[in-house]
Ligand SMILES: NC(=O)c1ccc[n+]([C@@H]2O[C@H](COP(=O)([O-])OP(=O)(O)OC[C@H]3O[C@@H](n4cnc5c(N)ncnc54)[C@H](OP(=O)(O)O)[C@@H]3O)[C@@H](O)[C@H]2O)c1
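In the form predicted on its own, a lone chain appears below as structure tokens.
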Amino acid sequence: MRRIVVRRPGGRSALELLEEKDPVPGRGQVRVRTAAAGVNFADVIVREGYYEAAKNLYPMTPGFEFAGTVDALGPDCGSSFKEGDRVFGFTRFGGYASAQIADPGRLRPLPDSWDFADGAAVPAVHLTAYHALFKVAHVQPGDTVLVHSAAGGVGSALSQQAKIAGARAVGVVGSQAKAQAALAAGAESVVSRGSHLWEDIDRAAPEGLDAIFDANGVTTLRPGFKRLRPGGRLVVYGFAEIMPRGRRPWLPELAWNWLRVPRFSPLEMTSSNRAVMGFNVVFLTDKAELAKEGFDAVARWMREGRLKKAPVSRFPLEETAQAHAALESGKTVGKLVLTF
């Protein structure tokens, strides 16, 4: 098999392509011949060595999601999958590899109308969105929610699923050029980041917000919190603003950005009846029932045609560094996918 390995954290030159023997599935496992693997901003943080869940795992292969064909079953597999089945799935790490050893519980059949690149773009972002909306924020029909980075992978998934939940999503995008992508994903209205961001949000949601989904992590948390209705939830699932765009940070810069992250008092939250909540879906992948509930819902919505395919930019495995560079630029829309 071919796989990308990061021996030591670093810049894009740390992404090394290796060729090795195919792994053999163990008891109860299946092997998937990978056709495509999703690329997420978390992979960049993994490569740079700042991702908490990846500490002490180097050398390691990044990647959380993939799609391909089952090509081997381990002893006593007992799953409903057979060789030749088209599947998509998620993994804790290791997605950037042409063969995956997987627990059948982390796989779902790929609908016939979805190609492998489309399928590989689904698991990480839609499981994150599902957990944020339904398990953390408990969004209800009629709620108004704010989605930052609404043209990106998780942002577009949040907008789609909010619409399925009967909520109204206001999307925030980095530039007006991304507005149409956010609207196509399900946002009912879109505002662009800039000097008038919060005035525009107030016009789009004059009665306040029931939930905010924020992976910026620094400048938008405090102003967003103030715009929550009583009972509202600020859900934080990333800290993209701590990391500079397109280059590795230096430690004083990281320290300064960390100090800029707002702190919220329990007394303040209690007296205003607003909550700040955070999670990292990677730490939930070992909770089988949580993962099953969300993955079953996502797979069902795909079959029913309720989930739209994200815009996908494809990169051959050999161009993984270019894919990371594109993602770090902040100019991409939808998902980036490696192809095998």
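Note that the coordinates shown come from a computational prediction; the quantities given were computed from them, not determined experimentally. Don't overthink the numbering: it's just position in the shown sequence, from 1.
One more form of this protein, predicted in complex with this ligand, exists but is not displayed; see below.
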Within 4.5 Å, heavy atoms only, which of R92, R227, R168, R193 is in contact with this ligand in the predicted complex?
R193
Checking P111, G74, P104, G174 against this ligand in the predicted complex, the residue with a non-hydrogen atom inside 4.5 angstroms turns out to be G174
Taking A215, E328 and T332 together, does each of them reach this ligand in the predicted complex with some heavy atom inside 4.5 Å?
yes
Heavy atoms within 4.5 Å of this ligand in the predicted complex: does I164 have any?
no
Going by a heavy atom distance of 4.5 Å, is N40 a contact of this ligand in the predicted complex?
yes
Find out whether any non-hydrogen atom of Y237 is located within 4.5 angstroms of this ligand in the predicted complex, and reply yes or no.
yes
Examine M243 and determine whether its closest non-hydrogen atom to this ligand in the predicted complex is within 4.5 angstroms.
yes
Answer range among 77-85, 204-212, 151-159, 113-121 for contact with this ligand, defined in the predicted complex as heavy atoms within 4.5 Å
151-159
Contacts from 1-26 to this ligand in the predicted complex (any heavy atom within 4.5 Å), listed N to C, are none
